[in-house]
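This document opens with one chain alone, in structure tokens, the form predicted alone.
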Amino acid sequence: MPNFWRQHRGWIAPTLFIMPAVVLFGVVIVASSVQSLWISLHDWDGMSPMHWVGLGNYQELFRDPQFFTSLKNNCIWLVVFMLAPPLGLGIALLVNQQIRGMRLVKSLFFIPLVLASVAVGVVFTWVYTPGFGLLALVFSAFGATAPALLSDENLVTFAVVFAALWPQVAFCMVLYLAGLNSLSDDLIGAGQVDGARGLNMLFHVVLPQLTQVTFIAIAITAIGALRSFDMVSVMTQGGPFGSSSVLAYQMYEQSIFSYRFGYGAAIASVLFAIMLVFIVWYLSRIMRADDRGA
């Protein structure tokens, strides 16, 4: 046995370390995804025996106006959330300056990141409350009446997205701060020698070194937008009249409240397929970047 270990420890040791993660991933992610796909092919209330319906749930799904409303709202989340990386970069550049009192400013921008999403949702619900919310106070200072954002089916999704954007910007800021602290002093010095200043330094010296950070920020932001749930649940419960629902919340609503686990699983499968397309694109870009680096 000792001889066997010495001869093969080059692959045995890494395997022993990796196996727990592989088993956990297989059980929690792969097996759960396969089971969800299997459930989506059945009519099931969660308790009684499942009845095979094949693609019936998917056919109903693509005839459901609420599904397309939820899908549209997910697209709105995705587009608005793309503001997070550039805003995070701008704030990171600001708070990374060696100015007295900037540590306090950095801490204030960092606060949203450590708050639970539920807390953020509750805070912004108060902010948007007509009559006594912060938004109402600002409008009243100019002699105007604040709109009831969470009751307007045309504005409610944007109100919820901008509330969720606050902690997402803080997250991107932290990513960019880490990237700024790892910049090459030699490249920056060379840029200064060549006369690079201001925007020229930013676009030609700093940003090229932050390419990987930017890619990670965009990927995590996009995934966060696609799996949005908690803010919708806390602030609107999908209302009014389902106008602010997203795919994840519609899946939850159909499964838990309507006892339609097969239909909810079909929504989950469609959401997984959308995210899988993005993940495949993301991994292909990473592999191409590694190949170029090699």
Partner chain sequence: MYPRPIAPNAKAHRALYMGLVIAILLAWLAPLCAIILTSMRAPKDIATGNLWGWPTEFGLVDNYVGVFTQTPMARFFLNSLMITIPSVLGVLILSTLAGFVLSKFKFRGSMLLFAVFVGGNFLPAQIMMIPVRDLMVRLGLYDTTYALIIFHIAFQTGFATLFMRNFIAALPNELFEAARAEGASPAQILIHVVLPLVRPALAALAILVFTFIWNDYFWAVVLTISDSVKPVTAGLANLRGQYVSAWNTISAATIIVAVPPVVMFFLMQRHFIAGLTMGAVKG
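Numbering follows the first chain given and starts at 1. None of the values given here were measured: they were computed from a predicted structure.
Unshown form predicted together with the partner chain; subsequent notes refer to it.
Among 218, 155, 122, 78, the residue placing a heavy atom within 4.5 Å of the partner chain in the predicted bound form is 122.
In the predicted bound form, the partner chain sits within 4.5 Å of a heavy atom belonging to residue 44. With a 4.5 Å cutoff on heavy atoms, residue 109 counts as touching the partner chain in the predicted bound form. Using a 4.5 Å cutoff between non-hydrogen atoms, residue 86 does not count as a contact of the partner chain in the predicted bound form. Taking the partner from elsewhere, residue 72 is found to have every heavy atom lying beyond 4.5 Å of the partner chain in the predicted bound form.
Interface residues of 155-177, taken as those with a heavy atom within 4.5 Å of the partner chain in the predicted bound form (partner not displayed): 166, 169, 170, 171, 174, 175, 177, in sequence order.
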